[in-house]
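Taking the form predicted on its own, here's one chain by itself in structure tokens.
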């Protein structure tokens, strides 16, 4: 597997990965946008409207027939959150040409995607109203359903309180109230403005030669307007000087959700980031972590307990499900395990189990076109070029002392507790 980053034009880049390990090729077209409350939901809506039809394939039935003719190729929408950036676009999976009875599947897919991206169905200078209204309703329902998954909802509410005034507080899909004022014309104008102004990251993984892929995609991007495309700042570390915030919210739930937000100055730009990854795995990621073995299994303080780190933002989130009356015990126990890490109470077995967990995840990721795509786009948003293999090499070199130092950078910022209405 070889990886190369190629500039197609100003602000437009191809992340090219040559591999013969898969029978299907993988492609994504990504626009990098600032994550802001007014724009997040309208931006997230656009890919779904685009996927309703193009000039040559004006409805879902025509699109389905065309994909079937391309050996069952698939096309889908992309809406990703990378720190304080929002990434929107389309992705596609398609059979490699060598398995397609001499049909140029890759070229045909790019022609098909060109129509979806640059030639949407229009009506009176805007998107087709029927498509806009239908997809707006779907997105509003998706956003409203956020409350139904209480674990994710608790994290959403934690970040909304913890990161007030920061772009990072905005959810990936935005908020439903920003969709009401959209019209078919205003949304199409927004799409054209994004195509003209935002950085573009294209990902390709497959067996096609570099020269052929570059040639095809150079023709595709001629449909983009010329002009500067300033980089979007995705990483912004913020460490407010204030007491720890404690936020409670009551809801008709049968299980409490205790969620903690911590801050660190370490992001993916920092040479200490691999140590922070390893610390997170020791502390709360995976079935060999302290939170799982000690808090969940040994002490039975939580139904689940885990941690994760956003590499762009320097934010760690600890999520747990607890009985309502175990709040203080669970909180004390979760924080005690972090203090143990800071004090260097990490056994060799814990360290190596965590390292193996991370390295196994990276190996698995290299077998998944979707994960390779997401990783490459994340690196591109950050302006970095390292691969999963590069990161694995850095993780192998991390020492126990470096893990302890990474732990010491973490400070508690906000505690959010979703409790029952009678608690």
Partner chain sequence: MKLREYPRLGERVYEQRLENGLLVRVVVKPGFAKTYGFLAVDYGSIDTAFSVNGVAYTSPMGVAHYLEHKMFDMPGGGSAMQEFSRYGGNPNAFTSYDITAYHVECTDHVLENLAILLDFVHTPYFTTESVEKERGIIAQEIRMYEDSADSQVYETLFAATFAHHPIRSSIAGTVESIGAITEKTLYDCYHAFYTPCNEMFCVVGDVDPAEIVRLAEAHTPATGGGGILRDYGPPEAMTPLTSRVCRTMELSMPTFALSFKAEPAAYGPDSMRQELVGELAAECLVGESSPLYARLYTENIIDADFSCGYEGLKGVAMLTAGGDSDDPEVVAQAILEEAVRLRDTGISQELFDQLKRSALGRRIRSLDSFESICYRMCAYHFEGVNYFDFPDVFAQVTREEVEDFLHRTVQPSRMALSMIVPKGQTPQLLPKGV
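Positions refer to the first chain, counted from 1. If you superpose the two forms and keep the largest set of C-alpha atoms that fall within 1.5 Å, you have the rigid core. Every value quoted in this text rests on a predicted model; they were computed, and no experiment measured them.
Same protein, other form: the form predicted in complex with its partner chain, not shown, and the subject of what follows.
*residue 127: heavy atom within 4.5 Å of its partner chain in the model of the complex?*
Judged by the heavy-atom cut-off of 4.5 Å, residue 127 is well away from its partner chain in the model of the complex.
TODO: Examine residue 181 and determine whether its closest non-hydrogen atom to its partner chain in the model of the complex is within 4.5 angstroms.
DONE: Because no heavy atom of residue 181 falls inside 4.5 Å of its partner chain in the model of the complex, the answer is no.
Decide whether residue 84 counts as a contact residue for its partner chain in the model of the complex under a heavy atom distance cut-off of 4.5 Å. Answer no; every heavy atom of residue 84 is more than 4.5 Å from its partner chain in the model of the complex.
Note to self: Residue-level contact is defined here as any heavy atom of the residue lying within 4.5 Å of its partner chain in the model of the complex; does residue 363 satisfy this criterion?
What the structure shows: It does: once its partner chain is placed as it appears in the model of the complex, residue 363 has a heavy atom within 4.5 Å of it.
* **Check all three, 192, 231 and 239, heavy atom within 4.5 Å of its partner chain in the model of the complex** => No, none of 192, 231 and 239 comes within 4.5 Å of its partner chain in the model of the complex.
ask   = Within 4.5 Å of its partner chain in the model of the complex, heavy atoms considered, which of 117, 73, 330, 346?
value = Of the listed residues, the single hit is 73.
**Heavy atom within 4.5 Å of its partner chain in the model of the complex - the one residue of 247, 160, 196, 147 that qualifies** = The residue from 247, 160, 196, 147 that makes the contact is 147.
| in the model of the complex, which of 209 to 217, 285 to 293, 269 to 277, 335 to 343 comes within 4.5 Å of its partner chain (heavy atoms)? | Looking at the partner contacts, the answer comes out as 285 to 293.
Quiz item: Can you name the residues of 300 to 330 that have a heavy atom within 4.5 Å of its partner chain in the model of the complex?
Solution: Contacts from 300 to 330: 300, 302, 303, 304, 321, 322, 323.
Requested in this report: Could you check whether the CA atom of residue 318 moves 2 Å or more between the shown form and the other one, using the rigid core for the fit?
Outcome: No; that C-alpha moves by less than 2 Å between the shown form and the other one.
Would the C-alpha of residue 303 be classed as shifted by 2 Å or more between the shown form and the other one after rigid-core alignment? Yes.
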